[in-house]
Ligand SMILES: Cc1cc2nc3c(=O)[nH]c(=O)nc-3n(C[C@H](O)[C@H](O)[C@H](O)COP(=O)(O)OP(=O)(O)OC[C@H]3O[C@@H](n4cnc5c(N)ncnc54)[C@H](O)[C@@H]3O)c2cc1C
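We begin with a single chain expressed as structure tokens, specifically the form predicted alone.
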Amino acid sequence: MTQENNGVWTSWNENLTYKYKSLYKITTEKELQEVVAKTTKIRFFGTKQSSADIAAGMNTLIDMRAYNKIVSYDEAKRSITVQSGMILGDLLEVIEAKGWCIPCLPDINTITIGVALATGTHGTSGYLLCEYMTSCTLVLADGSLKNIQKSDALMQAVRVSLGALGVMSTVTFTCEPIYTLHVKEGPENDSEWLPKINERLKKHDFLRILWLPHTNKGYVITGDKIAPETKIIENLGPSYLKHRRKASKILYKYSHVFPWITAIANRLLYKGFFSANKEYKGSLYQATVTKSRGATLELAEWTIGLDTFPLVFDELKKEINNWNNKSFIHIPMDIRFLYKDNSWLSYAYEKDTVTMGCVSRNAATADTYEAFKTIETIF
């Protein structure tokens, strides 16, 4: 364990900084217990990709990133136990190599396991990642350990606990056999994709919609399980598609000064990067998880019941298409779907849910991004 004193914690997108008195980089469970036991108030973090105060803002911090080892496997149960500081992408590569998968994955793979679970990180057309956690060990405030099993009533509280019940130490996931997805992507008018949501959720194993504000378009991504040997005619679109984030950065550079530029930029980005159809196959991880962001950004996300979403969407679209407002939204807005679960603080507690993400490509000026305020009001 190493200790740093009187330093500054800076968020991933560099728009939040906090001073701390002590920062501990722990590598073992015993070290974690010792620091927690001797500290009255403490916060812990992983890759710092949350810009919320919950990630820092205390005199004492624990950096979990070096607490990242595989503890054990159980081949018979198809389960794996890891330390909570392990990066999700590292875990997924390990279980894929064993022919396993976690059937519900977040959009990015650079977050730590413990933070992903505690904050209710979710996937697409499925559940929160924590629904596949079958046991875990918490370090309580006095430094003692408490093991929680899937059968324990407390598990429904621990699955999304924001760190309030203790520091997550080790985590066990029960996996499923790996499978291959046949993925198709392409643009549709809003009048086409919106009425088809329920139908597609029943038909496809994977559904994600990237809505393109100010264009009246959505970019629909579906995935269907197929045998690995199934042959498809792969179409990855033009080679320049990989430059979308770079193009976005250029087009949105001054959108915080002149918000209306966003509407023009979105139409250009649609024609250049979202107007082509694509088709390919791969594992859930390989086919659907973003491996690199390429740039910092500020992301906020809202949830609403699946049955209410069409009404909310219509209201949102009407509001932002009114040129008298300042809420010009960078693309895409990420629409994903969660099935109801029983975790107490889950977004989808006992209710099928839609999540809608909004991004500001100018992270440094996100505090003045009017779109966040408008969406918050409508939701």
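So that there is no doubt, residue numbering starts at 1 and follows the sequence shown. Here the structure is a predicted model, which is why all the values come from computation and not from measurement.
Unshown form predicted together with this ligand; subsequent notes refer to it.
Screening 209-217, 157-165, 91-99, 248-256 for residues having heavy atoms within 4.5 Å of this ligand in the predicted complex returns a single hit, 157-165. Here is the short version: of 104, 175, 115, 221, the single residue with a heavy atom within 4.5 Å of this ligand in the predicted complex is 115. The contact with this ligand in the predicted complex, taken as any heavy atom within 4.5 Å, belongs to 108 out of 306, 263, 108, 287. Shown alone here, residue 45 lies within 4.5 Å of this ligand in the predicted complex, counting heavy atoms only. Put simply, residue 119 is close to this ligand in the predicted complex: some heavy atom of it is within 4.5 Å. Within 4.5 Å of any heavy atom of this ligand in the predicted complex lies no heavy atom of residue 327.
Contact check for residue 49: a non-hydrogen atom falls within 4.5 Å of this ligand in the predicted complex.
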